[in-house]
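The data below hold one chain only, encoded as structure tokens and taken in the form predicted alone.
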């Protein structure tokens, strides 16, 4: 029953506002976290059994009548479901303590689960229209969550995010219309088969450009990134973690990868565009992160840089490059989710996001400092943490594919990443304790527990990277590689 990944969070989301009336704390916390814990277990255990004999197709029905949306579970979608469930659970656990001062936790968790349901539906979608529908479900919930604090900065960031997201959606609708006009269908497999039989070079180039603009905005690739540095710092910390760790990857990178590799095919022109977009985003955003004093704004630019890293790897188009890109997507989701959560702990304890105003916080918040260091070193690619292995795979794939210049760019981006994260660590946690923070204490239990969970995953996956790649990454990469072999080079542009 793969539809549970969508229906369960939606049903619980409908109940949570009522649960919030009956119990302001316990019941909403329990319902939301139990739902996400079930999704983690269901994806990790039952999901693998479901696809043991190949992809699973489920036709959605209502009162016995078939609906137009069909869900498909394969190695790639299962991989993304696990990523969504893990980071979603960690951010939800963090919210137990963090969201106390916001109030209305039932409403918060309801919006949160709607966003999770939208992301799950998007990764299970089997046609372009369903991709658009679920993408909008997740996006609408995320607008409200960014503005949840109702402060001036939150409302301004949510409005900017909304406006640019609407532009992205317009591009996607245009691309879907062009594809439907060419093929008469929207199902992934049907569109791929139809395009193999058509001489649709110019029209397909237009559709590809529209999808690239739409998904590029959703993924916040440079130069489509303007909304992200405002939205992420302004949102509550658990929402920042989900926006950066999950949403830009699911609605941007996942959707772009699924459409271009499994439906359109990764032609040489598209490969070149993705390589350049990824390289520019990885390096330019790293330089922008270096100049930030706001800890969450630095993390936001870091997200743009690391998404560029993933797109650079996908653009290679080789099985090794795809595997490296997906592995880094997974690793970045865990580590960046961890960093946004630890930044939330620091902001809650000190009342500021200004790095220059911090200093020596490791003396008062040792667990937060230690977990933050794990996340920072992981994203920077320091061995033996998980981020090192995915970056190494990407660099090797670039060299093997005959792209030594892009491999050098990847190394440069990694060096810059280490630079600004060490700056962040030194300013916030190392050195003499700023006397202003002499009374600061470690974050509450659930906030600390969620960061420890993600830090342990970063360390554990780094040590057991081979089994992680074999069990989760390779089946996902195989789905995309098979799609390339099936449709690549079928039309000449």
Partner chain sequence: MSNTWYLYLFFAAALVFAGLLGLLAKRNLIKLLIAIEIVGKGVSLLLLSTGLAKAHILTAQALVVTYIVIEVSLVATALALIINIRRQTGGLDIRSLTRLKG
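The model shown is predicted, which means the values in this text are computed figures rather than measured ones. Residue numbers count along the first chain shown, from 1.
Unshown form predicted in complex with its partner chain; subsequent notes refer to it.
Q: Indicate whether the candidate residues 143, 184 and 229 are all in contact with its partner chain in the predicted bound form, with contact defined as any heavy atom within 4.5 Å.
A: Yes: 143, 184 and 229 each sit within 4.5 Å of its partner chain in the predicted bound form.
Q: Using heavy atoms only and a 4.5 Å cut-off, determine which of 405, 357, 177, 370 is in contact with its partner chain in the predicted bound form.
A: Among 405, 357, 177, 370, a heavy atom within 4.5 Å of its partner chain in the predicted bound form occurs only for 177.
Q: Can you pick the one in 243, 96, 259, 158 that has a heavy atom within 4.5 Å of its partner chain in the predicted bound form?
A: It is 158.
Q: Only one of these stretches, 329-337, 160-168, 87-95, 310-318, has heavy atoms within 4.5 Å of its partner chain in the predicted bound form; which one is it?
A: The contacting stretch is 160-168.
Q: Tell me, yes or no, whether residue 129 is in contact with its partner chain in the predicted bound form, where a contact means a heavy atom of each within 4.5 Å.
A: Taking the distances in the predicted bound form, the answer for residue 129 is yes, it comes within 4.5 Å of its partner chain.
Q: Do residue 151 and its partner chain share at least one heavy atom pair within 4.5 Å in the predicted bound form?
A: Yes, contact at 4.5 Å.
Q: May I ask you to state whether residue 133 is within 4.5 Å of its partner chain in the predicted bound form, using heavy atom distances?
A: Looking in the predicted bound form, residue contacts with its partner chain include residue 133, since a heavy atom lies within 4.5 Å.
Q: Just checking whether residue 123 would be counted as a contact of its partner chain in the predicted bound form - the rule being heavy atoms within 4.5 angstroms.
A: The answer is no: residue 123 has no heavy atom within 4.5 Å of its partner chain.
Q: Within 4.5 Å of its partner chain in the predicted bound form, counting any non-hydrogen atom, which residues from 234-265 show up?
A: Result: 234 alone.
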